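As structure tokens, one chain now follows by itself in the form predicted on its own.
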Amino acid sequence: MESQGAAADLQRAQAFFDSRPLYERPLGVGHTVPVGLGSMSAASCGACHTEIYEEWKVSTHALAWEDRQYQVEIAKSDNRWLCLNCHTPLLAQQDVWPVGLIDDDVERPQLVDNSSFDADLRGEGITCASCHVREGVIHGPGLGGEPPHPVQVDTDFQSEALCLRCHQATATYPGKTFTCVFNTGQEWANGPYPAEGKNCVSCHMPEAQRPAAIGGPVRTVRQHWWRGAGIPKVAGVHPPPQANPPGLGLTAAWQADGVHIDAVNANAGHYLPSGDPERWVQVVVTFHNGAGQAVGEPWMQRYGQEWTWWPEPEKHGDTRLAPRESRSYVVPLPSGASTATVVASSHRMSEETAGYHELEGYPLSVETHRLTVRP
């Protein structure tokens, strides 16, 4: 039974979060196991929802806590409580709770210990219960049938609302060297997709025809890989390639005046790339002669943001592609060129940044396109 002191601490923490912006609040408490479940763990859900569980296990959501980059980032200052609410969204997953700020400084939180802290659940990052459990009640889109546990139909599971709790987080903290620049939701809202009835769920959780649980009827369900850039957090742990079609559309043709390149944000409903300001997408063109020797200089186009972080974060440039935005280029032909290779890739961070954070072996990029063009 929860002690009076623990209950008071929870009440104080919840009162504090209620005073904060939505993106600084946890998604739920996570102390009460819903009727019909053995525990709050993803494995408990996976006993019946096997295919969804297997998809989640290789998703970036499952690695939201264990991600090496994230662990480095939250070790930089005492602002970690800000980040926990997206990476471990249930209060049961958090070892300490903020109940106030000293002098309104986000790096000077007043913390209390969580006596019901679940370390194993924290390790699951954005787990099943993070999205689907609220105050001991399972929420879902409402697929019908007679599940062994009660389900409350929640329209948030068919809209962008749940996703934007974390993926729309923009904030500056004066005098600090960090900022929140996750403007993905607004980028989507300003683009063409809302008018077409397409939201985060439409693209990142595509439909599949299969049973929602073992023994159930075939019905329309959603995949839980969460399509993204396709750059794994852990080498070898990632959804299959078909789960992450690149946002970039790329064509190349050899013409008399050069190689004509057309690049378009064909598949991302937000800017390409979105999210972390250190991400970028690039296209590189190299030339070779008939003997296979490199000729001329490589040509490169980069799509991303430019920031400095000291003494305060400041954005200096943005060359990203808006939804369905297209750009065309003509790359001059160097003397002796008979073949051009056009390679596009998506990048999480630079090698220099990874070295600074001592992230040796951390996956940094993924190739998305490789085209060979000739006269």
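Here the structure is a predicted model, which is why all the values come from computation and not from measurement. In this text, residue numbers run from 1 along the sequence as written.
Missing here is the form predicted in complex with heme C (HEC); even so, the following discussion is about that form.
> Give me the residue from L321, A344, L63, A337 that has a heavy atom within 4.5 Å of heme C (HEC) in the model of the complex.
In short, L63.
> Could you spot which one of V283, A169, I261, L91 gets a heavy atom to within 4.5 Å of heme C (HEC) in the model of the complex?
Only one listed residue qualifies here, and that residue is A169.
> Decide yes or no: are G140, C200 and P245 jointly within 4.5 Å of heme C (HEC) in the model of the complex, with each residue judged by its heavy atoms?
Yes: G140, C200 and P245 each sit within 4.5 Å of heme C (HEC) in the model of the complex.
> So which of 97-105, 267-275, 112-120, 290-298 is the stretch with heavy atoms within 4.5 Å of heme C (HEC) in the model of the complex?
Among the candidates, contact is made by 267-275.
> N79 versus heme C (HEC), in the model of the complex: is there a non-hydrogen atom within 4.5 Å?
Contact check for N79: yes, within 4.5 Å of heme C (HEC) in the model of the complex.
> Classify S350 as contacting or not contacting heme C (HEC) in the model of the complex by the rule of any non-hydrogen atom within 4.5 angstroms, answering yes or no.
S350: no, not in contact with heme C (HEC) in the model of the complex.
> Please run the contact check for P148 against heme C (HEC) in the model of the complex: heavy atoms, 4.5 angstroms, yes or no?
Yes, P148 is a contact residue.
> Determine whether any heavy atom of S39 comes within 4.5 Å of a heavy atom of heme C (HEC) in the model of the complex, and answer yes or no.
Result yes; S39 sits at the interface with heme C (HEC) in the model of the complex.
> Heavy atom within 4.5 Å of heme C (HEC) in the model of the complex: which residues of 66-97 qualify?
Heavy-atom contacts to heme C (HEC) in the model of the complex: D67, Q69, Y70, E73, I74, S77, N79, L82, C83, C86, H87, P89.
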